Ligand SMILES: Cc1cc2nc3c(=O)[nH]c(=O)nc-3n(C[C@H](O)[C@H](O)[C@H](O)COP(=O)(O)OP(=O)(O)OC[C@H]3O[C@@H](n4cnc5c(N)ncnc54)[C@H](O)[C@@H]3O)c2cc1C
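Just one chain is shown here, as structure tokens, and it is the form predicted alone.
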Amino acid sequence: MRVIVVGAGLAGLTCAKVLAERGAEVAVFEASDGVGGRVRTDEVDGFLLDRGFQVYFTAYPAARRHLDHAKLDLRAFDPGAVVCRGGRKSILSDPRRDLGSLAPSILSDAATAGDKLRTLKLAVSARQDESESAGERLDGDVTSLEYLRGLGFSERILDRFFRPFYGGIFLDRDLGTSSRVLRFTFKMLASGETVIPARGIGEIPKQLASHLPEEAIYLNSPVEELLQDGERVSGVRSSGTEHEADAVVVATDAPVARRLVGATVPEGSVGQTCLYYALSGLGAGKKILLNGEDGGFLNNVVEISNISEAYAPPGESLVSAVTLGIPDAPDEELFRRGVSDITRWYPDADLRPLAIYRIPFAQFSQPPGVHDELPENRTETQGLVLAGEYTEDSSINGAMLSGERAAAEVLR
């Protein structure tokens, strides 16, 4: 059986990997010059720059089935976060997993005593959840803000911790994202580690691609249209050349899937702008820094070279800073505003602007109820299958789970 996969992102590569392991002849057509879609890493002057701030959760169930964690050489963040307000910094963490944070977490004024107990209780209940993705949950759905308020969390911890922390995950500081996503993500945080591969997030798609013959992946090969044989999809046209197949898996992002096949995919999107600074050292440790101030420019910051020293050349450090959305301002202004925020927390920081990544479509929007309306992998058109995070949830795990399930539909 010959199968064409359109798109070499995580969904497409996972699908192709599974199909190849089952004996199918697979060809992957990718419009860009590399694999990974949005999950890529660039090397600039000895620095490793992920295309947007991204982390990996070791508890991701689908990803664990397809990735060799040891070969990725995963490097862990310290649990919890540092909440920054003006010149003050306070730590919030799970003392069961981070013994050194016990006293600072107890003394932190970013949450009430009741909030800290509710957080531990939420972590215990999250570990009992057996769902494979946020999209699998069948229970009620409200905004994350409504859900957290319903559990009794104070406005203090909502403003100082949950908004910036989950703002960095959802790219939605208002916490209007589905509570299903919050609960699934909390399960991942409570059940495993938050990590990055030592050589950058782009090592994840590279490892998936390594399961395929090199000649099976066609880079710089955009697909213009799908070929039809009666009511059946029979191949693709790429760069003016027709390629036949027994089945075609469209594993592009949502907007391209809509254009190619008319798929009913989520309309909205959320974005981020990631600023990178070089410096001699910030002294921020291995925790994520959260902007606990109202109206701050940056949402979250991390000295990423503290997590993996490979991210910076010897004697240098690398800071990754995120502002939500795509601000309408030149690079110089964005860098200046980022420096202004960080130096309120670390006055001696000597930050040197390095690079900016503007990512308008970092995730599809996930308001309450959206997961009930996502398309299936199977389509009504013979020979055509969909793969992409938009069939599950907007995450690394969601993309890989969709690819796995798309391969099952092809084989079925």
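Since the model is a prediction, treat every value here as computed from it, not as a measurement. Numbering starts at 1 and runs along the sequence shown.
What comes next is about the form predicted in complex with this ligand, which does not appear here.
- Proximity of Gly7, Phe29 and Val39 to this ligand in the predicted complex is complete: all three residues have a non-hydrogen atom within 4.5 angstroms.
- In short, of 311 to 319, 214 to 222, 326 to 334, 288 to 296 it is 214 to 222 that has heavy atoms within 4.5 Å of this ligand in the predicted complex.
- In the predicted complex, at least one heavy atom of Gln272 sits within 4.5 Å of a heavy atom of this ligand.
- This ligand is not shown here, but in the predicted complex it comes within 4.5 Å of a heavy atom of Thr252.
- Mapping the unseen interface onto this chain, Gln363 counts among the residues with a heavy atom inside 4.5 Å of this ligand in the predicted complex.
- The shortest heavy atom separation between Asn377 and this ligand in the predicted complex exceeds 4.5 Å.
- Of the residues given (Pro353, Pro61, Pro367, Gly52), Gly52 alone sits with a heavy atom within 4.5 Å of this ligand in the predicted complex.
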